[in-house]
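Below sits a lone chain in structure tokens, taken as the form predicted alone.
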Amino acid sequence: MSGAPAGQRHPLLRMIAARLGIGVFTLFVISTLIFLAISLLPGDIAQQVLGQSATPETVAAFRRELGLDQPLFWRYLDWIGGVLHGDFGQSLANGRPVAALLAARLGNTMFLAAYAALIAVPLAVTLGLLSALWRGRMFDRITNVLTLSAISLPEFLIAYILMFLLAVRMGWFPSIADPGASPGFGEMLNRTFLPAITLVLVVTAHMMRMTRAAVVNVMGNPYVTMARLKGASRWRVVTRHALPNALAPIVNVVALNIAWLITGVVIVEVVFVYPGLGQLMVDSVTNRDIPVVQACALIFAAVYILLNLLADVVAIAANPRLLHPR
């Protein structure tokens, strides 16, 4: 065994390398689709940026400056080559480097996602464990009804309901989640509470139901029955015996929902006028700021692919039998 190749000794590393390769290829395909989709948008970008009063000569010169007079293939190669070197181009709206705009907004989106995740993950796992513990009882039924309702409602509707109740009627939180120039940590938490709790209500339902299903599925195994026969309490059986063996699907769905918290915040950021990456993308679509739109879409795709990879790796690390499916 000592002379075995490294790839055979480390199947997890081989799996990570394979998934990274798939992720890079997927990101390349997505970047192509993003570029093609934006290039096929109707209308002349140069004309819309300069306005209707611009002369044909000015529009033609601006098209040459943007490289729009080049074939589509060469424009894509120029764009993707710049991205690989960390250059996302210049914003058409204000002339600033796109990378600087992304850096300013990405931190806000990450803060909001982390805020929501720190509330949603413990809440979802706890509710899932309690529902599995009291399966079929009143608590389980009420929790299932509430989570199904949360899944059924679109996030913008949840956002407007929370805004009406907690901001307009109660006045507890601001309806606009603009943190300002340099807010303190407490002020930041207060101003972003409504968008954060909106995201919590959306993702908690999925994680809670997966936790409940995974634990209930494990509860029928012989070692759980043996623990019960030895006199272990139901809570100890669930937390010490069932939960560790149900971690793989739970970790997977938690990682996927965290990915959604980062990439799916566009609607929530728009509703609460939160200066994150999603709001920047929507504003750039409105202004036809194509370099910024392409960069935002690519960042969202890269984050989602990376967190999907992380979900697979953590799930397999929690349950190594997944490396050897039969």
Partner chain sequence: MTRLAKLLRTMPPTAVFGLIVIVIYLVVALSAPLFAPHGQAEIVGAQFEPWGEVYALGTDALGRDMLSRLIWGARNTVGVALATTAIAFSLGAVAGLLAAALGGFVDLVLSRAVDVMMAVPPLILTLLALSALGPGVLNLILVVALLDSTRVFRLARATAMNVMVMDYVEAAQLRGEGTRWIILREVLPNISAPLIAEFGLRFCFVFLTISALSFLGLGLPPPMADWGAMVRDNAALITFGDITPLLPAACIAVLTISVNFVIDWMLHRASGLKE
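Positions refer to the first chain, counted from 1. Given the structure is predicted, the values throughout are model-derived calculations rather than measurements. In this text, rigid core is short for the largest set of C-alphas that superpose within 1.5 Å between two forms.
Just so it is clear, the following notes concern the form predicted in complex with the partner chain, a form of the same protein that is not shown.
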- Query: Is A114 one of the residues lying within 4.5 Å of the partner chain in the predicted complex, judged by heavy atom distances?
  - Reply: no
- Distance check, S149 to the partner chain in the predicted complex, heavy atom within 4.5 Å: yes
- Message: My question is simply whether R63 lines the interface with the partner chain in the predicted complex - judged by any non-hydrogen atom within 4.5 Å.
- Response: no
- Indicate whether the partner chain has at least one heavy atom within 4.5 Å of a heavy atom of I80 in the predicted complex. no
- Have a look at N190, T239, T126, N144 for me and say which one sits with a heavy atom within 4.5 Å of the partner chain in the predicted complex. N144
- Item | Among 152-160, 191-199, 81-89, 102-110, the region lying within 4.5 Å of the partner chain in the predicted complex by heavy atom distance | 152-160
- Item | Contact set, 264-286 vs the partner chain in the predicted complex - heavy atom within 4.5 angstroms | V266, I267, V270, V271, M281, V282, V285
- Core aligned, does the CA of I30 move at least 2 Å between the shown form and the other one? yes
- Message: Aligning on the core only, does the CA of V285 end up 2 angstroms or more away between the shown form and the other one?
- Response: yes
- Item | Rigid core fit then Y115 CA moved by 2 Å or more between the shown form and the other one | no
- Closer or farther: the CA pair T263/E155 in the predicted complex, versus this form, with a change of 3 Å or more? closer
